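Next comes just one chain, in structure tokens: the form predicted alone.
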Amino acid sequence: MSLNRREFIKAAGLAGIGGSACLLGERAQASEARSPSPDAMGVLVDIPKCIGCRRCEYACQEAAGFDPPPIETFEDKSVFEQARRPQPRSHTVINRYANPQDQANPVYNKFNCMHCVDPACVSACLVSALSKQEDGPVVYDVSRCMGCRYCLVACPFEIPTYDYDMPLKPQVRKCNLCAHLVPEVQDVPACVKICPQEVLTYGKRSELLELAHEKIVTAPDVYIDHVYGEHEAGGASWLYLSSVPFDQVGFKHFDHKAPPRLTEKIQHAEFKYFLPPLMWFGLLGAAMWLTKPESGGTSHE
């Protein structure tokens, strides 16, 4: 029985969709939400206490081995004229926001890797260069990285950066919660240790959540009833308290479901055993062969 081109492509498409759907159904049950480890550590950020001194920026650069400029230079307030994001050699930054409740006293907020409970960057990494440790940190192994930068796209908080200034050995850059220092070298992350206002509290995530909700109950005039990071994008190791809504201090609104729970069902279905991609390449090759120009024909330009 002969099969024309249109019929072939239609059948090929149905076969591909059917094969992927079967694998999708097989993986759907395996892709379940992840819960934080009972021993997972984290940091609670008390935004109303922050004065924008940026000493945490200095300590972070020093802990990462970047040889920061003198600490006095971090007193420069001109950097607050525009919102900043973490950079390859600056893994945390402080931004300033207008305070609708008190115009004379702006709000300062700290940004760095959230160390998600169920990290999208880890899920997206094809070579396990990024991994989630049981005690909380999301860490990076440059020896495994192949430079695809999928993690940069996957992160809902838009945190990881890529060091393009190192052409011979570029790598992904982000906060690792001082996993290379804690607890062997020091007890707490560098930013927590240096903070003069005790804005940052390091401890078990479960205990930090209890502390955060206790603060909200005891000082409802200071804090809004929301702990950012408790549920956002599946939860995070960094938790925040604020006196104003979080969308007014640079944070986005996220669903409680972790991004990997939405994407892995499709990703794993399409790439399990690498069969679907190979199948699609084969079908595309067959379609190209069937639609190639007749040999010996007249060419018109």
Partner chain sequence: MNMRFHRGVISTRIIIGLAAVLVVLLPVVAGRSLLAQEKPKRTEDAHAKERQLRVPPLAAGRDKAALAEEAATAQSQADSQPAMDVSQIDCRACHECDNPTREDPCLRMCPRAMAEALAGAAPEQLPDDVILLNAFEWQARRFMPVPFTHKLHADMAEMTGGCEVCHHHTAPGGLYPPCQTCHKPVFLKSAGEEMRVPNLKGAYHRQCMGCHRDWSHSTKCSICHLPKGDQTEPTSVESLPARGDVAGHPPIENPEHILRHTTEHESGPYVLFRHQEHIKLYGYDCAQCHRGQTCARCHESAKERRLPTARPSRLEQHGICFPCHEDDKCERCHSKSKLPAPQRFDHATTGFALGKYHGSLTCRTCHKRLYFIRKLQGECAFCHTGWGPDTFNHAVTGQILDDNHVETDCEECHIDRKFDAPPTCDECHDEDEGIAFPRKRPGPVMKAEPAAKP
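Note that the structure is predicted; figures quoted are calculated from it, not measured. Numbering follows the first chain given and starts at 1.
A second form of this protein, the form predicted in complex with the partner chain, is not displayed here; the remarks below concern that form.
Not displayed here, the partner chain is kept clear of residue 81 by more than 4.5 Å at the level of heavy atoms in the model of the complex. The partner chain in the model of the complex comes within 4.5 Å of no heavy atom belonging to residue 222. Mapping the unseen interface onto this chain, residue 178 falls outside it, with no heavy atom inside 4.5 Å of the partner chain in the model of the complex. Interface membership of residue 62, defined by any non-hydrogen atom within 4.5 Å of the partner chain in the model of the complex, is confirmed. If you check the partner chain in the model of the complex, you find no heavy atom from any of 114, 236 and 245 within 4.5 Å. When the partner chain is considered in the model of the complex, only one residue from 94, 139, 216, 188 comes within 4.5 Å through any heavy atom, namely 188.
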